[in-house]
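To begin, one chain is listed below as structure tokens, in the form predicted on its own.
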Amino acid sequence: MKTIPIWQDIKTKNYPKLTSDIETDILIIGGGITGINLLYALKDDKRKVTLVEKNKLGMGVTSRSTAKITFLQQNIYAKLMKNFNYDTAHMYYEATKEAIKKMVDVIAKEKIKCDLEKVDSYFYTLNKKNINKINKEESILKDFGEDVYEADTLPNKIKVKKAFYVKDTYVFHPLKYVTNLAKTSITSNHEIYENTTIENIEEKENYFIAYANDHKIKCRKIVLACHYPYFLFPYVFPIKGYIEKSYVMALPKKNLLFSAINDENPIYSYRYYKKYGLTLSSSHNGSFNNNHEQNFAKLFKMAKDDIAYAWSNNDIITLDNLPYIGKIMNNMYLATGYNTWGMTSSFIASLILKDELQGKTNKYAKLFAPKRNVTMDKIFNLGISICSNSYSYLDSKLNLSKKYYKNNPYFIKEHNSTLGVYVDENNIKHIVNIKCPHLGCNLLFNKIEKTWECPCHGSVFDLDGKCILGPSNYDISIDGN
């Protein structure tokens, strides 16, 4: 079993690291699907556009997704109608449908090889108590004018209490999409740098200075297209949402042209890729229930065949179920908080941000504006978010060595720092500083993927301390390298 996302098991193009001071008009921070979609959207913009990625393109949250391109997102429309109104739900539906169509058009126009497949998407329940929830979402979609089809069995033969499905949705290979779209986005005025970490941003009178790899990037506009917006009021953003952690496995299966998800506990999400069937489950608030070995074990119980790949993912869940996309201050823009539906929302973000960067009005901008109105759900979930963050921080400090570690890893004190020591199967010790550089939570060890992870805000570090997922901008290796 490989404990990496199935999408990462390919070779990708390397881009240079920033090695000098530069000037640019627009700086995009983040080389995941959002950043690359935006870089492509600005392809014909005559201004200089620079994208920087602290690791490699698409190797963060983008390549940990199950990669569905769909407007059927559990019961999102019922949630939006309850929290806002009918018009808000309908506008979200329209934005998502438009993004899907335009994304598929781009793939066709640019001949992007990303294993795109058109599939039916199912929303279902295994519990008769939740039939009304399925019926309500079905009714809303019908009212929007969508063609909806009922089913009592999923195409993989799983019997359900209630299900419906829609057409014109897709699945694809997200890393192939990102890497191949990036190639088409490079022009004389468009450039990409990998292994380039933005550590600080200074606002000047009419420009910004971004500091990266001991070099400066002078720019007029900045887009935070990173998964977690670590430059946006670092002591405020953590309570504007929470991290949801999910676990995924890929098993040898016949390729079936459908995807499906339920909306109960536990969540089961399915899709297929070539000779593999992907199952996502065991989702939970990342502040709690962080026995990763146990959570993977729950998922693995479903496997009747040998598991080929297994991995976990972090998603940002916002307080009102809408992403944050748009201007946050003069000449600074944001795209994050996709509530597990980033493959589609990232393209919506590129459409909105392109217009805003070019001084145009986008009809969806107000819907996704980061500074939108407060709702009752937002107020209620704010309390949950504050409690989650407080609990994860205190628990990480007070309960350092979990019982399920079984003395590996173990912890030592050195020069007023707590170090984590993991001994691998070759009896080699891997030693790191377990204090997260982001906001100081103590890290937890994921025994399946062999990673150190922050229970507060989702930063992930490899066995030797290299940061592979933000919001941290720094490694935790004890030699500082």
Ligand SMILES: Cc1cc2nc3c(=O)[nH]c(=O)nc-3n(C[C@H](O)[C@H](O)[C@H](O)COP(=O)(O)OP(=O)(O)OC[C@H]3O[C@@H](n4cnc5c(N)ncnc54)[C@H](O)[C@@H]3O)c2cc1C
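None of the values given here were measured: they were computed from a predicted structure. When you see a residue number, it is the position in the sequence shown, counting from 1.
There is another form of this protein, the form predicted in complex with this ligand, and it is not shown here; the text below is about that form.
Asker: Which among 429-437, 445-453, 31-39, 415-423 is in contact with this ligand in the predicted bound form, heavy atoms within 4.5 angstroms?
Answerer: It is the stretch 31-39.
Asker: Would you kindly say which of N180, N262, N295, T197 lies with a heavy atom within 4.5 Å of this ligand in the predicted bound form?
Answerer: By the 4.5 Å heavy-atom cutoff, the listed residue in contact is T197.
Asker: Of these, M343, A210, I76, A310, which has a heavy atom no more than 4.5 Å from this ligand in the predicted bound form?
Answerer: By the 4.5 Å heavy-atom cutoff, the listed residue in contact is M343.
Asker: Spell out, yes or no, whether the shortest heavy atom distance between K221 and this ligand in the predicted bound form is within 4.5 Å.
Answerer: Contact with this ligand, no.
Asker: Would you please decide whether C441 lies within 4.5 angstroms of this ligand in the predicted bound form, comparing each non-hydrogen atom pair?
Answerer: Looking in the predicted bound form, residue contacts with this ligand do not include C441, since no heavy atom lies within 4.5 Å.
Asker: Against this ligand in the predicted bound form, would V248 count as a contact residue? Criterion: heavy atoms within 4.5 Å.
Answerer: Yes, V248 lies within 4.5 Å of this ligand in the predicted bound form.
Asker: In the predicted bound form, does A67 have a heavy atom within 4.5 Å of this ligand?
Answerer: Result yes; A67 sits at the interface with this ligand in the predicted bound form.
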